[in-house]
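One chain comes next, on its own, written as structure tokens: the form predicted on its own.
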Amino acid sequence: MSDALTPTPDNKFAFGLWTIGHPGRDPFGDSTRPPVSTADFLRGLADIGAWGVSFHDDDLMTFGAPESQRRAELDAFKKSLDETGIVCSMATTNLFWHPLFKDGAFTSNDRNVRRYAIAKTIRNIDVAAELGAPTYVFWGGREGVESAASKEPRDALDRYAEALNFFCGYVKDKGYNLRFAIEPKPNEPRADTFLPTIGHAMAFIQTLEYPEMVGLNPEVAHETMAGLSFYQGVAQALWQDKLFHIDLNDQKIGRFDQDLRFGSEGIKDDFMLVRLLEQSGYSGPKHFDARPYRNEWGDGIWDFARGCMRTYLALAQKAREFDQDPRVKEAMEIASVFELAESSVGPYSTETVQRLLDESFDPDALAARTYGNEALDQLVIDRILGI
């Protein structure tokens, strides 16, 4: 049991530089613990069996510093990666912290802000390619409005698409082995954010010049903030081959973004999510975009990281046991779970239409059947609780 819950690099668990090392600052209070150096962060990841690390450009290289300093910071990071065996699993751009982004980045009303944001991103795409990151994420935290009259949404989406198309063209021109992933979020820090959910982002991607290069990086907390099922959203992303990356954490419904330890809140939803990822053959990073509680210090921040991975592995084991349980198979047969995989009518033809119309159905008999969902759902709970 203990071996199954001990993470190894083969599990492809990853953390962002802004996660375990978060200083505990929030909108109402300053830092509660000291920062963790990049070198110590990577050594800590290696010690606990993690595989990858992700970064914003400003996490890694000092914003506004001379190029020589930024180069030295990048080289030091590369050296630590080599020493620890940790890989760079994802990169992104900080387009939300500096005051210049207060009206947005790619969708700012100020054309020069938009141009600056695109240039800033291009420079970090070069860094991501140098580090071998396979995925580049766009979280549009400032892409939105407080005042509905302040932006024409259709123009904003045009500018958003223009930026993504430009980046795709740049990557193709450079020959980089890099894909893009959009990270939806309904609100915070903007009151209303563009591309707020998985569904919005999925539809937007289909309008781009190179839709095959752009997918999703959905996050547990973000869909939960909107009261949506993260499990269902991820399932559709997998169905459309658009799950390029995933952010695992936890969240209480109806709250602002909390970035809680994975598995600390919605344990049933997390069980179904892990089962889905394990069954689907998803081979990308399992990236924890979460932060330790503000009142943690020292070893506590690494307990947080271990907990994220341990809970994922425990739920994966529970999911395997669930699927191997003959009672579960029987309950699923009663619920006709496997029948859903059968086609309803097949491809269209006039002959098929006629056969369908000639078929005799008994609506009362169909209405009278039971699906046994209560028993099936209780088996989920029993397995999670270890009953």
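The structure presented is a predicted model; accordingly, all values stated were derived computationally and were not measured. In case it trips you up, residue 1 is the first one in the sequence shown, and so on.
Only in words, not in the display: the form predicted together with a small molecule, which the text now covers.
- With the partner left out here, the small molecule still marks one of 147-155, 255-263, 305-313, 162-170 in the model of the complex; by a 4.5 Å heavy atom cut-off that stretch is 255-263.
- In terms of contact with the small molecule in the model of the complex, the residue from 244, 77, 230, 139 that brings a heavy atom within 4.5 Å is 139.
- When the small molecule is considered in the model of the complex, only one residue from 204, 116, 96, 176 comes within 4.5 Å through any heavy atom, namely 96.
- Taking the partner from elsewhere, residue 143 is found to have every heavy atom lying beyond 4.5 Å of the small molecule in the model of the complex.
- The shortest heavy atom separation between residue 223 and the small molecule in the model of the complex exceeds 4.5 Å.
- Shown alone here, residue 33 lies farther than 4.5 Å from the small molecule in the model of the complex, counting heavy atoms only.
- The small molecule in the model of the complex is approached by residue 92, whose closest heavy atom lies within 4.5 angstroms of it.
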